[in-house]
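Before any questions on binding or motion, here is one chain by itself as structure tokens, the form predicted alone.
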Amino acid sequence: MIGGESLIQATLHQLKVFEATARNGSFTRAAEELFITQPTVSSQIKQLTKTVGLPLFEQIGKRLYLTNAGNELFSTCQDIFERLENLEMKIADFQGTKQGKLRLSVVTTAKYFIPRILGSFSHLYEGIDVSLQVNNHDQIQKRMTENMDDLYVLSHLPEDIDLITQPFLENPLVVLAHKDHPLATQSQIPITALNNLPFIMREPGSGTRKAVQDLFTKNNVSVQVRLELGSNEAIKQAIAGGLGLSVLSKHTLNSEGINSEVAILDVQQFPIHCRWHIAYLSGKQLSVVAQTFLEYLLTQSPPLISPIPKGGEYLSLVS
């Protein structure tokens, strides 16, 4: 018994309203998400607060923040809804169908191949709905700490989060320049030749940027960072505009044709050999749907091979 009443008396609807409010930090956004009125949200939260016997939120300005009791209830709600969702998936599986929702979060460069895999996966399993989030590495780690997704696709694994991981595809990072750049026709370019050249870097928090900076630091290479951009497409356009060199995944050139204005430079110690990983939180019980996608990804990713221009030649996507 808490607050004079048993928490068992709280309805599933009240818990659903509370979870949406806590996640959004707003009565208004929770109401919009649940397609109910804001007074209804306020009423449900008030009844639930009375049942618990302690404040669940405190308001500072226009933002709602969880109290200690609210944090505990929020964690419990997430566990309850995840278990109920998994139960629905298991029942569908017992009935010989795959139904449910897959929550997938990927780093920005993975958007060049993951949608193709999801397309064929969705055709095969039409009862599965997919929620795809595209973020940089820092944002992915934040989502991991809040257990917001089933699976994650990334190339640089965080050191401070306990994960179950499986590599499934090569992710070579290469030096790119305008096709008419003086270095574009050279071979075996020393990495020190990049010293003081204008460079376009991914934004801070990007896994690609960290890998490049680590290699440059190791080889005492210092470049002139002319631009910082959070979009691979914007970086390719900047290279085509002659604003400098950059280092990106070969996967970003997946849609480039033979008339591309971007060329891969033959720089020593490149490509930087990274691998794509599929990951999930250690201790997390994967749903039937998440397990199905994990197995599908591991069996379907090897055929992802396409031509990529490098000085007039074509290389496979998987090194």
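Given the structure is predicted, the values throughout are model-derived calculations rather than measurements. Each residue number is its position in the shown sequence, starting from 1.
Omitted from view is the form predicted in complex with a small molecule, to which the following refers.
In the predicted complex, the small molecule sits beyond 4.5 Å of every heavy atom of K236. Proximity of R226 to the small molecule in the predicted complex: non-hydrogen atoms within 4.5 Å are absent; the residue sits far from the partner. A residue is said to contact a partner when one of its heavy atoms sits within 4.5 Å of a partner heavy atom; N171 meets this definition for the small molecule in the predicted complex.
Within this chain, L176 is remote from the site of the small molecule in the predicted complex, having no heavy atom within 4.5 Å. The partner is not drawn, yet in the predicted complex one stretch among 185-193, 144-152, 79-87, 129-137 has residues with heavy atoms inside 4.5 Å of the small molecule: 129-137. In terms of contact with the small molecule in the predicted complex, the residue from K111, H181, H156, R103 that brings a heavy atom within 4.5 Å is H156. Comment: the small molecule is not present in this chain, but in the predicted complex one of V107, L245, L73, V212 has a heavy atom within 4.5 Å of it, namely V107.
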